[in-house]
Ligand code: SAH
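What follows is one chain in structure tokens, specifically the form predicted alone.
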């Protein structure tokens, strides 16, 4: 049973600080049914990898009366438990990396909330009553890129068909604390078996490790029931507590939004809406639509007959539907809208043929070396008549209290441009793809640093 976690974050020793496991040491911890070994098979300037290897003893499983789930006489000795990621792996993650999961890093506390590019590989997973579709439905809404390889029963006898086992690879830019909490909950939910008795305490574990994300997951009911082995009473209690958490979280988000963000964000959306209306567009794209705030404004304007929102994160699209009251929406209104998942760095025919596209505070979330792909997708292939694009103005960051000069406004931002840098990039894009471009400040301007956000309005030169 093998789990590896890799990152290209530099310096690579930061991963050791976060995990409280020295990168040059081989360490082991005792489990009730064997041992877990932690080591670093890869350390280079480009990538660091930590491995968690479980050495499960089938005899110990029998001695400790561990469930084997088999239906034949030797099933308690001969089974897949030593090899398939299951609750054994969750317990090992919790024991080996407990300090990380609790959000503690004394040596470098700033790393706890630092998002990094992680790649995860689980050598063997099983997903009974769901398979690949189930695996994707659990991880993709959390914005993971998912790669799944299904194994054949026997390479020598291909005609026997596929087995129920998969190798799972995940990648995402995320904090390590969040990554480990996702794995802790979702691995046993996939396997749907536990090596220990499931009691009331299991609800507390689930809600503690799922805090902040499980209540927002579109398949939280499936995860909860599978994690609790479909025990009705426990599942019902857990889902009720998740609903309460979700209601509280939404209230807190609403208050925070009103206090901290509403003013600037509303100005930004109103400015984008004004430009879209003046363009005369009827069919509009909202690229990177998030939770659908701009779409909600567009729906109020009869001018826009077709509104399409797309985002790379399925969870955001799910929230957008909730905020738009999708299920209660009148049929004629619903006919005007389409929401789908997609990335702005891959050509997509569904984006072609629109009058206008809005790209609001999106590009700064892309790696700069992916901007060329983004430019071609939007300006060469989709080619809307008008493109309205906004991004933060880095020069204005000095006006925010307690913000360091070398930091970004959001931990997921890959860059933030000055006004000159943005205009240089925008003019080059316009010239390359036969657009004209003009610039509009968004928010109250301050002498010498400009406005908080900057807008480029691109118009295709027919």
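Here the structure is a predicted model, which means the values were calculated and not measured. Positions refer to the first chain, counted from 1.
Below, we turn to the form predicted in complex with S-adenosyl-L-homocysteine, even though it does not appear here.
Screening 281-289, 104-112, 161-169, 327-335 for residues having heavy atoms within 4.5 Å of S-adenosyl-L-homocysteine in the predicted bound form returns a single hit, 281-289. For the candidate set 387, 360, 186, 85, a heavy atom within 4.5 Å of S-adenosyl-L-homocysteine in the predicted bound form is found for exactly one residue, namely 360. Of the listed positions (312, 351, 174, 135), a single one reaches within 4.5 angstroms of S-adenosyl-L-homocysteine by any non-hydrogen atom in the predicted bound form, namely 312. Contact check for residue 392: every heavy atom lies farther than 4.5 Å from S-adenosyl-L-homocysteine in the predicted bound form. Under a 4.5 angstroms non-hydrogen atom cutoff, S-adenosyl-L-homocysteine in the predicted bound form lacks residue 119 among its neighbouring residues. Proximity of residue 343 to S-adenosyl-L-homocysteine in the predicted bound form: non-hydrogen atoms within 4.5 Å are present. In the predicted bound form, at least one heavy atom of residue 316 sits within 4.5 Å of S-adenosyl-L-homocysteine.
Residues of 362-379 lying near S-adenosyl-L-homocysteine in the predicted bound form, listed in sequence order, are 362, 365, 366, the criterion being any heavy atom within 4.5 Å.
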